[in-house]
Every structure is written in structure tokens, then in C-alpha cells.
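Encoded as C-alpha cells, the following chain is the form predicted alone, with no partner shown.
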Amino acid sequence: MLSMFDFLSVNAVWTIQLIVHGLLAVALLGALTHQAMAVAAPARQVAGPSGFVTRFRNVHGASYATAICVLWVVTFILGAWIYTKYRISIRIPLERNGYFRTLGFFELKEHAAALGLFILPAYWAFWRDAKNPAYDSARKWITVLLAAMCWFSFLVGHVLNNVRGFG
């Protein structure tokens, strides 16, 4: 019986998982940024050709909600799996070298991702009923909050990967 390790090294498998995690995070970041811009600064109808920023803000936010929920959960689960490698191979050397601020920001990243996962059901419920104007403010601020958490998590993860590398 062949296993994947007959074709790939253990480090290659972890690296592939990290790359997939990063690609999922970029997709999530793009969807959330699009949606947040659409609700925080909606595009006004302008006569004539519209520019890039206007078209960027002029999206139907409700169509992104389910994809964002799925992307957040899948990215979170893959990140939790990668975290096992991080605890042994990356965190310990960073502690030895005194990168405590970097580690502290990564701890905040973990909390932001977990809190985002916790508020995801409320986010989805507000977007499921997108035509109800009573939820406009809640929908707007929960989307902006999730987008900020996603940007923070993405940037901290990227910096941590640049500090130590992976594998």
C-alpha cells in the first residue's frame, strides 16, 4: 500500500498545507474586504462610466456570506492542524531567540480567529435576512469587524512565517 510519504517528504506535505492555508486565507480576505467595502461605503449610482473603486464597492454583499462562512471554517481547521507543527518546530526556536513580541502577536491572531469563528453564526444570521433594514447597522459592523480580524490574522501569520520560515 502506497502512502503520500512515498512521493513527498514530510516537510513538503507541511509546506503544501501551509500554502493551501495561505491561499484560502487570501480568498477569505478578498471576499470579506469586498463585502466590508460594499456595506461600509456603498457605491452611489453615477451617470457614465464607473471607476475601479466604485465597481469594487458595488457588489451584492449577501452573495458573499455563505462563502465567507465556509472559507473561515475551512481556513480555521487547516490552521489548527498546522498549529501542531508550529508549536514544536517554530515556536520553541522563537522563544529561545527572544521573539516574544512576535509570539504575542501570534497569540492575538489565534484569539482573533477563534472569536471570529464564535461570531460567525451571528454574522450569517444577519446576512441571511439581508433585505431587512433593521439589521443594516449590525450587518455593517459585524462585517467590518470580521474583515479587520481577518486582515490582522493574515498579516500576523505572514510576518511570523517571514520571521522563522516553515519546516
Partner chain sequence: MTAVTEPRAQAGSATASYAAFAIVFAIAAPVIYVASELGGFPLFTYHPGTGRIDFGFAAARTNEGPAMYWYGWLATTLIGAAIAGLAATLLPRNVIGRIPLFLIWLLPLLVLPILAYALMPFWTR
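Residue numbers count along the first chain shown, from 1. Source: prediction; values computed, not measured.
The same protein also has a form predicted in complex with its partner chain, omitted here; what follows describes it.
Note on the partner interface in the predicted complex: the residue among M149, V156, A25, L18 having a heavy atom within 4.5 angstroms of its partner chain is M149.
In the predicted complex, its partner chain sits beyond 4.5 Å of every heavy atom of W127. Within 4.5 Å of any heavy atom of its partner chain in the predicted complex lies no heavy atom of V74.
The closest non-hydrogen atom of I142 lies within 4.5 Å of its partner chain in the predicted complex. Although the partner is absent here, H34 is not a contact residue: none of its heavy atoms lies within 4.5 angstroms of its partner chain in the predicted complex. Along 89 to 121, these residues reach a heavy atom to within 4.5 Å of its partner chain in the predicted complex: R91, I92, F100, R101, L103, G104, F105, E107, L108, E110, H111, A112, A114, L115, F118, I119, P121.
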